[in-house]
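Provided below as structure tokens are two forms of one protein chain, presented individually as structure 1 and structure 2.
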Structure 1
Amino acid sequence: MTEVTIQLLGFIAAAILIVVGMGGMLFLDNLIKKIIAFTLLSDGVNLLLVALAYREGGIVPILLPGMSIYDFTSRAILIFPAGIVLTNIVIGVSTTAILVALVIMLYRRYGTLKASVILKGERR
């Protein structure tokens, strides 16, 4: 039995979010629902990266005055995934905006939000 840490809980939550989001993107029919599932999916990936950076007994990577730099580098959590997560949040917002715009344009033409009607295959 492994010890339950915050990191493990983070991985579990990330797995749940990724599975639920992926399942929603693959199996739901409504386009807006697909987009909501996409936000859940990107949340899950963010959480996976943040949980990866965590270390037990670590500190927030902010160099406060009076802190020894050796102490800081040996205890601070990884700063690199934070950069990735910030980028991912921003890219997620822009992807959502583009997808919603396309859905609105297609709704005006077809009058429905069902992916099985709008995105049906057709012979050219």
Structure 2
Amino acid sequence: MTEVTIQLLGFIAAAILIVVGMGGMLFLDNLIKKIIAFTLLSDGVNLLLVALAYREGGIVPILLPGMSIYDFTSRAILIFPAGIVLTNIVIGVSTTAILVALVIMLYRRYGTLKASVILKGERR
């Protein structure tokens, strides 16, 4: 029987978040729910990147005095995915704020949060 690792659990959770987020964006009609689904999708991608960068027994990628290059390269975690995740978090928060502002404007104009009604162009 195989051992379930933290990395495997991260991949499974990321897959669940991505599937739920995509399903919500495609099949839900409420715009607020679509924004929540977009956030879940974004969080799933971030978790996937973190799970990819995870290394059991890993160390911070800083070469310390007295540490051999072989020991450093075999134990250091990947730093690039962490930088991408931090950037993605900032972009995700900004995008979510803009989406919420647009939904507020659409609600004021159409009086509903249903995407199907807004796409038909029916005003209140």
Partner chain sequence: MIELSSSFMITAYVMLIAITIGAIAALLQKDLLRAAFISGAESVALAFFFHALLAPDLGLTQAIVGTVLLPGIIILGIFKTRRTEEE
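All residue numbers here follow the sequence of structure 1, with the first residue given the number 1. From a predicted model like this one, the values you see are computed outputs, not experimental measurements. Take the two forms, find the largest set of C-alpha atoms that superpose within 1.5 Å, and that set is the rigid core.
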Which of the two structures shown, 1 or 2, corresponds to the form predicted on its own? 2
Examine F72 after superposing the rigid core and state whether its CA is displaced by 2 Å or more between the two structures. yes
